[in-house]
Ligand SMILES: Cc1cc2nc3c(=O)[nH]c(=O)nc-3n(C[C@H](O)[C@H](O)[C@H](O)COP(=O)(O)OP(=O)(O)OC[C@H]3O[C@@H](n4cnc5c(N)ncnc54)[C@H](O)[C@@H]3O)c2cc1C
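A lone chain, given as structure tokens: the form predicted alone.
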């Protein structure tokens, strides 16, 4: 496609006004004029719907609670969780820039709470924040910049390239029902999110996830991936698209009701009252195991000891709030809990007794569980009433796979060469997570890699 006349010219175009897009735009605006384009009427995307957890290491908030964490520990955890199928260069880039991005976000007005231990972490490093408030901070910062122009309700249709192998020159969007062309003198950054709402792409790359409830931004239809793919972009991690375990069955399509008592000491049992997985694994791997259970459903079963580990205000660990909201099943005995959930009481009692014997020995003979989450936390027995069960199914929060990039966030083609002046950041690119996912690394990479993409695009591209 050739363009006879550009409607707007700028230095950098950013596609997608979520966390990655705003971080890219703000970083690029330090040296360049930016057009930030969002296809929906308002900004935020999936980022604004998230649990608001960021995986950072070595922060002052960790030190204030006596948590010793290092860049190397974070690097090792990310690689291990990704089964070493994630790209070392991207993991290293995340680790090298994460602490600077933590402080940068705080300067934008983002407030973080006390770190929590979450999936895939060997020490507590999930820094919670209110996701909508975080996005609002970035919206205000971008609004105060004279170099950033936001255009909402403007879906991008195509990337424009000079010939068949030249640099990317700009984009064609749809605005007010008409084609709208924007030239980017320095570069285009694709930050358009994943493809959880694209049934065709799910059928092609993640057939096990077809039919799983998707809770994500309405714009996650894979537009950016398809546009870059059309230019020859290579793909990464498409075989590892996974849904997340721990969502309540009553969750709708506009919000998730995720809860992770397994990472505080609960066990996961199926409808027959049997355990089926090592509960300390990433909730993506727990999700794979849950999909194979009867009706793709499980219960997270725990007692008062775990309930007392509730974290008020932290969405995925506020067990008390879930109880008050009627999301937990409560009983004074294991047998009565089983009756309320429809599980055979002797089966559930036998499962818990067997697990408690394993805890006494310090070794889970059935599934090899040694800790609460990854390698963090000591196992606890389930024996103190009242007892609780959290009905749990899977939810597709994101795809975390997509176009290939290098550590400068340049999009790489199928011949392993950069597509000149084309960058990607956020959920639209693959290569970082690998086979599984650490809590907080999705928002973390959106901010970190968004900033890297913005900085490099503003320099004029290759």
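Keep in mind that what you see is a predicted model, and the values were worked out from it rather than measured. The term rigid core refers to the maximal set of C-alpha atoms that superpose within 1.5 Å between the two forms. Residue numbers count along the first chain shown, from 1.
We do not show the form predicted together with the ligand, though everything after this point is about it.
Trainee: Can you work out whether residue 223 and the ligand are in contact in the predicted bound form, taking contact to mean some heavy atom pair no more than 4.5 Å apart?
Mentor: Yes - in the predicted bound form, heavy atoms of residue 223 and the ligand come within 4.5 Å of each other.
Trainee: Quick one: is residue 25 in contact with the ligand in the predicted bound form, heavy atoms, 4.5 Å cut-off?
Mentor: No - in the predicted bound form, heavy atoms of residue 25 and the ligand never come within 4.5 Å of each other.
Trainee: Under a 4.5 Å heavy atom criterion, is residue 13 part of the interface with the ligand in the predicted bound form?
Mentor: No.
Trainee: I'd like to know whether residue 215 contacts the ligand in the predicted bound form, with contact meaning heavy atoms within 4.5 angstroms.
Mentor: Output for residue 215 is yes: heavy atoms within 4.5 Å of the ligand.
Trainee: Within 4.5 Å, heavy atoms only, which of 348, 227, 372, 74 is in contact with the ligand in the predicted bound form?
Mentor: It is 227.
Trainee: Only one of 113, 391, 155, 167 comes within 4.5 Å of the ligand in the predicted bound form by heavy atoms, so just point that one out.
Mentor: Flagged contact: 155.
Trainee: Could you tell me which stretch in 413-421, 25-33, 46-54, 63-71 has residues with non-hydrogen atoms within 4.5 Å of the ligand in the predicted bound form?
Mentor: Stretch 46-54 is the one.
Trainee: Judged by heavy atom distances of 4.5 Å or less, which residues of 176-196 approach the ligand in the predicted bound form?
Mentor: Those in contact are 191, 192, 193.
Trainee: With both forms fitted on the core, give yes or no for whether the Cα of residue 315 moves by 2 angstroms or more between the shown form and the other one.
Mentor: Indeed, residue 315 is displaced by 2 Å or more.
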